[in-house]
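As structure tokens, one chain now follows by itself in the form predicted alone.
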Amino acid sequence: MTDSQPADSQLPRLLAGLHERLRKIPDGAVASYIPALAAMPPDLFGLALQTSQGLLVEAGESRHPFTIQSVSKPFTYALALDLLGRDRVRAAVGVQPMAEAFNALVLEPGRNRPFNPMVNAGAIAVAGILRDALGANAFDRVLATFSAAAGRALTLDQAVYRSEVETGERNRALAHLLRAAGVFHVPAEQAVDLYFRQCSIQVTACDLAAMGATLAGVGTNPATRSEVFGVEAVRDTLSVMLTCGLYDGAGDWVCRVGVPAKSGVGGGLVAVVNRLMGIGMFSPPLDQAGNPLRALLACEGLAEELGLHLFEASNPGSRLLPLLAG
């Protein structure tokens, strides 16, 4: 790859090469604890990135629909920060990494709140305070915000939502634990229902790239120029994504890739290169930490090729800048 080639040839070639190299990796397993997710074909693999100028590059099954699942967590967190302010949100959920499973029935010692908004307890806490503030219209606001970040109207996958409701007893237990701790005031079932719904929003890898690009653009969608999130909300959200977004694999991710990211058990992954681009990926087979395996490897490849790590010896994204300049 040479910097003399135009952006419209280099970036698609890079993404296509990563897709071809990684698409036949057999490792990982599709999530099975939610029946509607277990039916997803494991060979699907889609990659997309959207630059701060709005350029969209994609490879593979980048427009195949799937449910956003835990990739929703940063975006509801940013919405809560905008609506309620940092003090109210921090009273409900912390920002510390948690050395437990993502769905652990545990709260931060001495604070009686979830460790961070990227695990289930924290995301349900965020859903609860949004439901407190917005009432019965809370999901409409969440869906509208996600749609604005994606740059198109998104929809709820009713089949996955029903499957979440039918199998979500552990998340209900978390909601009752949080309600008993006074984290939110609505009935626990209302909080967890909003969580089930946000996780069941249908997206594509291209949508996640646009949503990531919106965070990279300090809250403004680079294609539509719609202002979706405030500057302070984006800063806090990207910070907690970097330290907590990949569950038990977060430390390894920061060392190997070094950009804020969030994964989901539906196979989605969003990554954010501040001020430069958003990355969206889809690959159903997960590693032991619950992260989409091929998507992790593809992000690592992009980071190495383009110099995306926050602490790259040259400036972050230095090898990407000539591509964006064309």
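One-based numbering along the sequence shown. Owing to the predicted nature of the structure, the values given are computational and were not obtained by experimental measurement.
What comes next is about the form predicted in complex with glutamine (GLN), which does not appear here.
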property: Any non-hydrogen atom of residue 36 within 4.5 angstroms of glutamine (GLN) in the predicted bound form; result: no
property: Residue 70: touches glutamine (GLN) in the predicted bound form, heavy atom cutoff 4.5 angstroms; result: yes
property: Contact of residue 265 with glutamine (GLN) in the predicted bound form (heavy atom, 4.5 Å); result: yes
property: Residue contact check: residue 75 to glutamine (GLN) in the predicted bound form, 4.5 Å heavy atom; result: no
property: Options 215-223, 106-114, 164-172, 140-148; stretch whose heavy atom lies within 4.5 Å of glutamine (GLN) in the predicted bound form; result: 164-172
property: Three-residue site 120, 195 and 199 fully in contact with glutamine (GLN) in the predicted bound form at 4.5 Å by heavy atom; result: yes
